[in-house]
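Take a look at this one chain, the form predicted alone, written out in structure tokens.
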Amino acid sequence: MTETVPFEKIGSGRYRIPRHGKMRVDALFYASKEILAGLETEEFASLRQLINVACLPGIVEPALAMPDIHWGYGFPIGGVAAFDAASEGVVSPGGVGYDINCGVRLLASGLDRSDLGAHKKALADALYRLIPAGVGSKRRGEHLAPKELRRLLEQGAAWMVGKGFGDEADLRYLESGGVFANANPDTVSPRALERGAAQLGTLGSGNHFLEVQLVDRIFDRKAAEALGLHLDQITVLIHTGSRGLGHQVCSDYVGTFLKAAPRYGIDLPDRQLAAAPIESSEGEAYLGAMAASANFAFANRQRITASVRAAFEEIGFSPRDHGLRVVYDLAHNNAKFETHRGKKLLVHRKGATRAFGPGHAELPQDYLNVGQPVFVPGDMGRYSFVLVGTDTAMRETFGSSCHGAGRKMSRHRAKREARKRNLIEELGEQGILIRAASRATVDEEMPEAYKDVADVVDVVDTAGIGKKVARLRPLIVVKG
């Protein structure tokens, strides 16, 4: 019989798991009645993972999970944990994930729904042709030489801009300017470099996607105006990460940390939480490799942005016509040194994003009065949301919020349930064009496989750790 997870409601959408057993701190998670029911269905597996995270050395109270919480590798997806190096704090690859700096970038256009009109099918075809997608997808004829790849891993999105893929204006609207300064390519294995050399500018597979969307609701007019969003506007959301390079880095360092943990006297509640002290040689090496992977992901989304612009131009919209500009680019999976509560902490976000409030020094000047943009993708049949960060998030969640809808159905089950349906045809009847490398990808990403992202976002909004700004509905979906 599965042991009960003790938790109590402590406020609107907030639940606390009191410190018990080997937990070093309390845990806090955000949920609605529907989300709680889903957690119960999985026998609270993801909450048990959160409890395990609360057992790690040097963790700062509380261990956190956002309302898109579901079971993951080591940390639950939606997990946030801050560690203090001065108190024997650790770094854990499982707290970042295999897809390092998986993230989302929103582009806003100067086009409205009527402008797209008869061009919709041609645009879907052009995007699918110009942006490689699928398992192991590569760009034919584009293989980065070792010296080029090294510079990219050090410079991130700026390297792509220097090669003519975008301009300096793009960089002003990327989290951390599109570069992690502490990147160290020397700590990235030859196998990881090999896997990444031909994958720049590719989507990959699974839940990665590119969507052309329509702004169909505005919740906060002032914030929407600051972000340059309005009703009936055409936008593009890009969701992908560091591809095979980041995956290999995580694999490499999980193995290294499993060997290192006993040497440092770290008692692991779960082998998937393999960890090493932040200031150890292993910890510093991983952080350098992780930052290099994050820079690859920033560069990857920058290259895709250039391809999106090229697709619009190919079907007849000049740069002046489409006006595609970066609203923001933010990461889901990384560990960053940040100052919270007067201390320098290493904040792990696994399937969670920054949600810095108004006035924060890292925000673009245009957004200082409204807070950091937060993009929360839903499923390909419903909608995604734009939020902004809040002061409450800064106080409660180390400036963090949710990153998506969160799965409620395994990929295997989704494919089994979709077998007798034609999802591409069903979505087409809703006005959503699908371009995908395989039917299997579409089936495993069926809309019903995910929680309703509106429920997730409402929890965030009600709790005050993010504020709703706009809703985006899909018109074109490109998947691997």
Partner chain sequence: MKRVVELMNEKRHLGIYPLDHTGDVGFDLEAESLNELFEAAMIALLRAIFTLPPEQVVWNLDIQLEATTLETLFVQWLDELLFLTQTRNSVPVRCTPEVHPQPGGWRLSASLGTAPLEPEKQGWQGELKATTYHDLTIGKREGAWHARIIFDV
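Residue numbers count along the first chain shown, from 1. Given the structure is predicted, the values throughout are model-derived calculations rather than measurements.
Form predicted together with the partner chain: not shown, discussed below.
*Asks:* The partner chain isn't shown here, but in the model of the complex which of 258, 310, 122, 86 has a heavy atom within 4.5 Å of it?
*Replies:* It is 258.
*Asks:* Could you work out which of 325, 191, 382, 341 is the residue within 4.5 angstroms of the partner chain in the model of the complex, going by heavy atoms?
*Replies:* Contact check passes for 191.
*Asks:* Please identify, from 166 to 174, 386 to 394, 191 to 199, 315 to 323, the stretch that has a heavy atom within 4.5 Å of the partner chain in the model of the complex.
*Replies:* Selected stretch: 191 to 199.
*Asks:* Are all three of 179, 187 and 286 close to the partner chain in the model of the complex, meaning a heavy atom of each within 4.5 Å?
*Replies:* No: no residue has a heavy atom within 4.5 Å of the partner.
*Asks:* Using 4.5 Å between non-hydrogen atoms, is residue 420 touching the partner chain in the model of the complex?
*Replies:* No - in the model of the complex, heavy atoms of residue 420 and the partner chain never come within 4.5 Å of each other.
*Asks:* Is residue 72 close enough to the partner chain in the model of the complex to count, meaning some heavy atom within 4.5 Å?
*Replies:* Yes, residue 72 is a contact residue.
*Asks:* Give a yes or no for residue 368: in the model of the complex, does one of its heavy atoms lie within 4.5 Å of a heavy atom belonging to the partner chain?
*Replies:* Output for residue 368 is no: heavy atoms all beyond 4.5 Å of the partner chain.
*Asks:* Is residue 415 close enough to touch the partner chain in the model of the complex, meaning at least one heavy atom pair within 4.5 Å?
*Replies:* Yes, residue 415 lies within 4.5 Å of the partner chain in the model of the complex.
*Asks:* Out of 267 to 282, which residues reach within 4.5 Å of the partner chain in the model of the complex, heavy atoms considered?
*Replies:* Result: 270, 271, 272.
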